[in-house]
Ligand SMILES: Cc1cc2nc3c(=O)[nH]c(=O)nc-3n(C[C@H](O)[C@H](O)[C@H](O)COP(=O)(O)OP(=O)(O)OC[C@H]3O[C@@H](n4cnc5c(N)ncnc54)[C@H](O)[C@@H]3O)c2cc1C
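One chain is shown next in structure tokens, namely the form predicted on its own.
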Amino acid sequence: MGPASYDVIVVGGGPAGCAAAAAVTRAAPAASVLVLDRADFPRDKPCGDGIAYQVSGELRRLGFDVERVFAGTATVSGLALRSPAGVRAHRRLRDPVHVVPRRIFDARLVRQLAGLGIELRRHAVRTVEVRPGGVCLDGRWHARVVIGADGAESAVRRGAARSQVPAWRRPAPVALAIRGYAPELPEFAGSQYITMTDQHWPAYAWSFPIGGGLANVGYGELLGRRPVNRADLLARLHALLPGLTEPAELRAHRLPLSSGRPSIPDGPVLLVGDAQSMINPFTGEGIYYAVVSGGLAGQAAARALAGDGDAGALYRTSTRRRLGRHLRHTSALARLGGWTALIDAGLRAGRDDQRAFDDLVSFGLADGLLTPRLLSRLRLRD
């Protein structure tokens, strides 16, 4: 008996995978779609839990009931930032953000897939074979297109690289972060707080309220030549957030940054979200990128099923059109990231002007650009 056959298989049931599966079904309702995930839902995923306002619009366009996704969760309207030199900017967000633990957010997205007629199974993919006419997974399933949404340690990326795609072997710059839950810091109750440091730069700590007096707290830094361990990360977290109660549910995770993202090759295997190194190098934000890249990959897969072209080529083109300019701007800033004075100047601009602050937030949390207004207000000194 041969492998079960589907039009599209999505590996990974997080935001990127759910967006990809929904996009396929929306564009090609008759397509057979299977989502594979190695865990049962609800399950935890180490993350800052902050979800930008723009994510809601992307999910709504893909057919998700956004009100149900965010029902009963925390909405935050303030953001406080502290630069490496101690410049502070604390303003109201133009668009409130949600802070939703991933065990809730991801499970609600997965639950809505069933209503779209999408099949979900628990399975950890180990082997990926690219064959004429499609892709075989573990000898059990065959698909015309496979979308890898299985995170920073993507088995789909590794398997496809061994099979035929050497471009995916190139490592991206990687940050390491640790996250837990603790009582909110009184000084910034009700607001998201991000504080940066020039020690081990680029590095920052955060506190994002999730409701009930609790916050998602964490610390991350770019991995370099010196090794870093759990004790190091925790010590730096407490140094940047003095008075913090010892966090519970601590988990560490790797963040492959978009400034080193691999090229998107032709073929039937598409990578999205963390698997495609889609993490903002300026802020570590990944959920917006996950949902957008998942949607673009799903649309490309549907077009390929209809005979409009190669899935990889279609995905590459749509990604360039949708995110290309933004990604060029974030990569340019990442190359200048060692110059902390530039970050200080950006926060001065945001501190002094609400519109510049809004531009800065859009750049860090969604697909904003380094606007002329923001650049014109940069001052290297007070």
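Just so it is clear, the structure is predicted and the values come from calculations on it, not from any experiment. Residue positions are given as counts along the sequence shown, with the first one as 1.
Another form, the form predicted together with the named molecule, is not on view; read the next lines as being about it.
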Counting only non-hydrogen atoms, which stretch in 307-315, 231-239, 249-257, 67-75 is within 4.5 Å of the named molecule in the predicted bound form? 249-257
My question is simply whether residue 130 lines the interface with the named molecule in the predicted bound form - judged by any non-hydrogen atom within 4.5 Å. no
Does the named molecule get within 4.5 angstroms of any non-hydrogen atom of residue 53 in the predicted bound form? no
My question is simply whether residue 261 lines the interface with the named molecule in the predicted bound form - judged by any non-hydrogen atom within 4.5 Å. no
Within a 4.5 Å heavy atom cut-off, is residue 328 in contact with the named molecule in the predicted bound form? no
Have a look at 60, 43, 320, 355 for me and say which one sits with a heavy atom within 4.5 Å of the named molecule in the predicted bound form. 43
Output the sequence-ordered list of residues from 21-38 with at least one heavy atom within 4.5 Å of the named molecule in the predicted bound form. 36, 37, 38
